[in-house]
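As a starting point, one isolated chain is supplied in structure tokens, in the form predicted alone.
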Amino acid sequence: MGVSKEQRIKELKKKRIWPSVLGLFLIILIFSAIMIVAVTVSALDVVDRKLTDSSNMSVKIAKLFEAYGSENGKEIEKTVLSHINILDEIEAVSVIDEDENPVWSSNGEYPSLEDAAKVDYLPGITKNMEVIVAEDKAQVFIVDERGLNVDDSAVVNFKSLFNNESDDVTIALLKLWLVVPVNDMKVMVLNNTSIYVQDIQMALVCIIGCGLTIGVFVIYYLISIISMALSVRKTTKIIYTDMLTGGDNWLAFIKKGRKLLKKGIVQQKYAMLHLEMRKYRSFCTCFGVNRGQELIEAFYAVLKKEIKNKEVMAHQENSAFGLLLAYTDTAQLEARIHQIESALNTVLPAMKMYFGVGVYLVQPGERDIEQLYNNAMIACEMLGEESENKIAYFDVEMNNQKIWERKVEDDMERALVNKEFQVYLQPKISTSEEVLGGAEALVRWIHPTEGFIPPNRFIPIFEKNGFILKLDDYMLEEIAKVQAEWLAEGRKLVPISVNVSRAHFTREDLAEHICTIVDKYEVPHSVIELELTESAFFDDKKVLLNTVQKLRAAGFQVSMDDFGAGYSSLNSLKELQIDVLKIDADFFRGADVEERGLLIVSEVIDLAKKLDMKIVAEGIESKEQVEFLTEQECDLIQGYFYSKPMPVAEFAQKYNT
């Protein structure tokens, strides 16, 4: 898999949930801080108001002692006691003189002034008042010029006292002595300041509001996080799902295959398979694309059942599947493959289907699934479309062949422009006079780094990738140019045959196209012979017959090359009117050449004479073959017995001076 593609897939699969989690944390933190601040401010405000009320009440109690004396002392004490009984805020009152000697106390207690805090200002109290700590010293209040402030310890050390006898729930109780100087005495008032639920209603509302707000945001973010997680899961499933079969796609195959090889290659041997149905496109042409897709789905279902634990399989493309199978030895592996093919053939019992299988035996340490599958696919390609052998194992030579094909395809366009393809001519000798009767144009590639490249190393590649069309046009134009030069030099012209690939016969204007190339050089059409192979007869027959008729009408000679190599030779002779018949060289090779081959050649020559055709025997290498063909009145002989192919200049010097 390409690096950029793999990176894009990782980006799609990446779980980007952490921003939402961070957002949720920040929301909780911010609202919690707001809630704490709001509650604190509200609580401090309640405490401040309660203390202010307490101080004001203490002053009023203290003023009762302004006229305290022997005459009215009992009356004032009685009044103070009645206030204490009525007022919940006042718990006790004690009076001392200037020397801190007890004067009177409502409960008999006199607090010490040693720990009293001096104050400059207390709301509702004169500036020379004092605040002293309660008996347990749990509360300390400090007053400055800005008003009453509560020390941190006062906030955290509230005493929670719940009064079950009251309808109001007391949530905090503040006890402190306030000292009010009156005349020569100090009136000490023990304040019992209670804080009830209704006193902090705003704080409670704030707490509830913030809690609800936090809850809403928490729920929202939780829903967002869950939704994102489900979305990531759905995206991942889509990424790894094949749209045709609904099962694992190729990305899933690569992922699972790597994981499998990483874990099990030490204990288990694996084989990578490329399995494809032969002529799948023909099936789709006959039965429709939808039926073809249904067939692939059925194949997938069958293969899924055949796959065992610790094996993987996926649809690759078209009718191809990739399989990573465990095996013990090649015999067991081939038996397994035949079993799989038999299972696939049960999908359409009435139709015999053929499969090609390329196999690569995975070596220890190899984990590049795509490279392994590519090797298996190369092996399958080497089988050929019509091969009877349905299982091919990858070897190094196959890989070298693919590398060579890649190099040929990389260099072919440049080679055509630079005229690296050179024309060689092989003479055709007349049997009657042993003089030049014609020639065949053959291409040779003189590569700048590879040197001389024989045709069998590049022509099959060109036929497969379609470049043969350009090469044929190039060769035709080069021969027309040579014939034009010889004509201008006054040399004797003989027909030179040029190959026309079967791929050309897909175009209906082929005859006009050939005429345009030749006529550019003003060469007589009679000196150009166009060779077509018998295999062209199996393509579009109507186009072939029409094109041949046009070419012959234009004055070109048409020959059939490799006659006898196919299976419908006589049938093609019946329908196709040609001028020259070239007998395949295989008739003159083999152990039975004397008994059967020469007999067939004799009958073919006799048949061609009756059909008014010239006969050319190619691949002739011995004197005995020449004598036999001369006796049979074969018109022309082509082969190494007379001459191998040679460059145009050498041919002109030897045969066309």
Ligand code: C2E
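All of these numbers come straight from a predicted model, not from anything done at the bench. Numbers for residues come from their place in the sequence shown, where the first is 1.
Not pictured, yet referred to below: the form predicted together with this ligand.
Of the candidate stretches 454 to 462, 77 to 85, 211 to 219, 254 to 262, only 454 to 462 has residues with heavy atoms within 4.5 Å of this ligand in the model of the complex. Contact annotation: of the candidates 341, 248, 472, 311, the single residue with a non-hydrogen atom within 4.5 angstroms of this ligand in the model of the complex is 472. Among 271, 442, 383, 103, the residue placing a heavy atom within 4.5 Å of this ligand in the model of the complex is 442.
By the criterion of a heavy atom within 4.5 Å, residue 597 is excluded from the residues contacting this ligand in the model of the complex.
At least one heavy atom of residue 499 is located within 4.5 Å of this ligand in the model of the complex. The shortest heavy atom separation between residue 47 and this ligand in the model of the complex exceeds 4.5 Å. In the model of the complex, at least one heavy atom of residue 620 sits within 4.5 Å of a heavy atom of this ligand. For the marked spot (562, 640 and 645), a heavy atom within 4.5 Å of this ligand in the model of the complex is present in each of the three residues.
In the model of the complex, no residue of 307 to 332 lies within 4.5 Å of this ligand by any heavy atom.
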